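In structure tokens, the next block holds one chain alone, the form predicted on its own.
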Amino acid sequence: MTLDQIKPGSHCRIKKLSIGNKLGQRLMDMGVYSGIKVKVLRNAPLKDPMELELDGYCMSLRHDEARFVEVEVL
């Protein structure tokens, strides 16, 4: 399952990033790496971007970016 498929209010744990270019590096720089727990807070009114809470801070991520993040639902 990928992060863009998680419903708001759900928790998950990141398994791996399936992209390794600049986007993969940018995600890792923002704190998106394997093993970290994520809560999906909400989607924007037109469903993009999504707001996430991870490691005590909030961030927004486009669904096109979130589809490269493999997760397991907690």
Partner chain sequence: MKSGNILVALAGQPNCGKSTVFNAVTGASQHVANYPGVTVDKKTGWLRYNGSRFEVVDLPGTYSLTSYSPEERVARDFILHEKPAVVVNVTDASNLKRSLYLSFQLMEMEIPLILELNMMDVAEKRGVEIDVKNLEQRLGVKAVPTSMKNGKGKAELLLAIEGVAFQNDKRQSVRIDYGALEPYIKDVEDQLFQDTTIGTQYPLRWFALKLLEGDEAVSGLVQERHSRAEEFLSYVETLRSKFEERHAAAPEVHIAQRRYQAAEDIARTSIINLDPDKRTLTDKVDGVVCHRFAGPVILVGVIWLLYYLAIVQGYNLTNYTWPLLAKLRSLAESLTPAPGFIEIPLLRAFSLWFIDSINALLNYVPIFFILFALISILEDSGYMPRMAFIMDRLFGRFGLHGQSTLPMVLGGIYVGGCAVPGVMSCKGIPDERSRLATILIIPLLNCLAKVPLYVLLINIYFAAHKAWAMFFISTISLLMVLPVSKLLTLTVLKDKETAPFVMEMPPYHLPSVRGVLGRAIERVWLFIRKITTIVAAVAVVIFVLLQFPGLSAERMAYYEDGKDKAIAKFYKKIVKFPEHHTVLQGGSLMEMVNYWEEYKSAKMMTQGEEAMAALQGKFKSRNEDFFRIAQPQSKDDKKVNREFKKLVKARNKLLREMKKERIDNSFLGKLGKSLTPVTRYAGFDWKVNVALLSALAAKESSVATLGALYQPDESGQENQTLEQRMEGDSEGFTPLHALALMLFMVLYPPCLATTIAVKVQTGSVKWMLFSMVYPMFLGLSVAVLVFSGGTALGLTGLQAMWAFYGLALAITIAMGFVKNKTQYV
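Numbering follows the first chain given and starts at 1. These figures come from a predicted structure and were not determined experimentally.
Not pictured, yet referred to below: the form predicted together with the partner chain.
> With heavy atoms only and a cut-off of 4.5 Å, decide whether S60 touches the partner chain in the predicted complex.
It does: once the partner chain is placed as it appears in the predicted complex, S60 has a heavy atom within 4.5 Å of it.
> Can S10 be called a contact residue for the partner chain in the predicted complex at 4.5 Å between heavy atoms?
Contact with the partner chain, no.
> For the heavy atom contacts within 4.5 Å of the partner chain in the predicted complex, list the residues of 23-45 involved, in sequence order.
The stretch touches the partner through L23, Q25, R26, L27, M28, D29, M30, G31, Y33, S34, L41, R42, N43, A44, P45.
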